[in-house]
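Quick setup: the structure tokens below cover two forms of a single protein chain, split into structure 1 and structure 2.
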Structure 1
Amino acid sequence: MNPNKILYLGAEAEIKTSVYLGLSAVEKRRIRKSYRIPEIDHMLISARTKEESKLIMEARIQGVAVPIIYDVDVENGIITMEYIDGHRIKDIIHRLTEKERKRICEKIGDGIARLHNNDIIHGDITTSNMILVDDTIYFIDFGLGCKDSEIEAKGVDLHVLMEAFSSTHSLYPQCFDYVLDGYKKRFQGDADVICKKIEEIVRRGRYRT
């Protein structure tokens, strides 16, 4: 693996390959904002770095496959974590058979339910933020995540994925239904309430347009 290769450069963070104690790693560095008061900028970056690393570690405890965190530099807003060498779901879903898509999507639903069982909201669940390694789906990038026990938050989390499937993988309309099948099997609360919330969110969106 080529160290210091930029994997992603966005408005909020830079992600590049790295090496940590001889291990292939990924370094996520939050970007400082010149328009913010320096003290507030530092406080926000530190808080978000701490929150993201905490969510990732809690997700692992719940049995969700996530990168192992090697180091957290709160002062500089850097998380160094395991490099997951696999394929983004976004890039391979079109190559799968319908049977394989169903199995993979049910596993995605299982993982999301494990998060939600512990009130972990990912915040940006898309097929770009899931990596398949062998038969394991890793969830990455909890930068927009939080802890929230509300039905609304969980419904919005799933709605983001529904929209991702609709826009990016429109040829496979059953995928999100498969996700919900896996979700319902694992979720410890009333999954029907979550599904109704998703429907409500969809209706609200149609009303606004």
Structure 2
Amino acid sequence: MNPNKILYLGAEAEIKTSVYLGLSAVEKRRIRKSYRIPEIDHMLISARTKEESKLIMEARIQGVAVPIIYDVDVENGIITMEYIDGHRIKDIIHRLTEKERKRICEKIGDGIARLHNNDIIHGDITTSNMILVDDTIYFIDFGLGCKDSEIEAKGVDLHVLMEAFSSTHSLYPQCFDYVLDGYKKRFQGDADVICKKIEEIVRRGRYRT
């Protein structure tokens, strides 16, 4: 793989290919934003770099497929991690049959439940932040994540995915239900309480008076 090739230039970060001790890797570097004051810029970039790498490491320990973290440079906002050679869910979901879609979505739900069982809140569960390799779903981009045991946080976390499905993949309305099916099977707490919470968030967020 060609090192230092920009793989992706996002709103928040730049992803470059790289090599770490002979292994193919990516560097995720957070971009400084001139619209915000340096205090906020620095605080967000270093906090998110630190938090993201910490959460990825912890998710891995809990059996969720995530990239291996090779190096973290908090000051410059750079995480060097394993290169995941696969396809983003966003890019392949429309190519799947309904049956495959169901299976993949249930797996997504399973992964989210594993995170939530350990109070890991991803913070930005969208179909761009999951990569499918063979039959494994890798979760990436924990940049807006945190640790939180509250039902509220878990509900909001799932709600983000629900929104992503309804805005980006509105052609596949059942996807989120499949995700919840997978979630319910793996989640150790009371999944119905979380589902109720999602309904409440929908009411209060999008249906507010």
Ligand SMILES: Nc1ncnc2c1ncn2[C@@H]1O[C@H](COP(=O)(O)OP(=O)(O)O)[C@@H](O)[C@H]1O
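For the two forms, the rigid core is made up of the largest set of C-alpha atoms that agree within 1.5 Å on superposition. Bear in mind that the values here come from a model prediction, so they are computed numbers and not experimental data. Please note that residue numbering is based on structure 1, beginning with 1 at the start of its sequence.
* Asked: Quick one, which of these two is the form predicted alone?
  -> Of the two, structure 1 is the form predicted alone.
* **Large Cα move at V74 between the two structures, threshold 2 Å, rigid core** => Where the cores coincide, V74 still shows a C-alpha shift between the two structures that is 2 Å or more.
* Residue shift check between the two structures, rigid core fit, I31 Cα at least 2 Å -> Moves: yes, 2 Å or greater.
* **Core-superposed comparison between the two structures, A13 Cα displacement 2 Å or beyond** => Moves: yes, 2 Å or greater.
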